[in-house]
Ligand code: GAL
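Quick setup: one chain, the form predicted on its own, written in structure tokens, and binding and motion questions come after.
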């Protein structure tokens, strides 16, 4: 993996927008009368949004492996996309005597009460991939460079439509954003809109569904969000939008999708439509972006159903987060390279790079690699992609 990430660094990915000089954070003392000093076998509680998403099960397994190998216990929990359940599980972990909590929030604004209780009990809280908002009880935040991901998706569309080369269109596009309760979704869309907005302003890009127009702003991202990032919600929304396409006689040139699950919903809607002239791989099939490099998305890319995804090597995120947990437990200093404000404080943060992926690696998005790059890293296998 060191070789892989050296290669990623060498291709010069776009810098993240939250960077602010490397800092070193002294590890807070987590000892109190109710929570004695850490020792081998202490408990780390890990709470992830759901078990149905390929991404979260992979993260959970990696976090548990690394922390367990270091001699600590891991209580891994999946909230089944239920806010009440995640809050209850956090409170249960307090009772069990957890020393650290690693939490990927189902809803970044709905965990304040439970994480405040964790802080009162002397437990350290790490926001994993999704920032926990509106509380001072977050010690660290680890994720990927958020706006960079949206920029890579937008750049792919700009590349494929020839916008930077002067193509005037107008081109018909549909834009989606992630779940309205996920703080990350705002930044993904902000990065994409920064690049796409000028083309809406001059009429080169238009949206027949009118969900987005030249007067749209990045702050309106929740109006085009897909609840819980769910495939079925994206499919229903896309089916509604397709009613504006005159049974396929109006062209659809590109779709900005912020995740592979949403991309799959879009693809399902397109394939289920009666628009017989829209065939995968044909000139009528739109360029579709994505994120996460799931096995089904990589398969779709190879089959010309999806054009691009952005790969976040979650093994790296899980390993870095586990490293921070171990540093805290062993009383070592935690180094962070940035911060992110959660409406209460600037949370010390670490942001990792991501890699845009296309079928052959061709794109103007900096650092783009082919599907084979993901396979060669060991993140997946060619055999797994054949299962779809």
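Keep in mind that this is a model prediction, so the values were computed, not measured. Residue numbers count along the first chain shown, from 1.
Separately, the form predicted together with the named molecule exists; it is not shown, and the next lines address it.
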Looking at 93 to 101, 285 to 293, 155 to 163, 194 to 202, which lies within 4.5 angstroms of the named molecule in the model of the complex, counting heavy atoms? 285 to 293
Considering non-hydrogen atoms and a 4.5 Å limit, which listed residue (253, 241, 312, 186) is close to the named molecule in the model of the complex? 312
Any non-hydrogen atom of residue 182 within 4.5 angstroms of the named molecule in the model of the complex: yes
Close approach of residue 130 to the named molecule in the model of the complex, 4.5 Å, heavy atom: yes
Contact of residue 221 with the named molecule in the model of the complex (heavy atom, 4.5 Å): no
Give a yes or no for residue 229: in the model of the complex, does one of its heavy atoms lie within 4.5 Å of a heavy atom belonging to the named molecule? yes
Residues of stretch 59 to 85 in contact with the named molecule in the model of the complex (4.5 Å, non-hydrogen atom): none
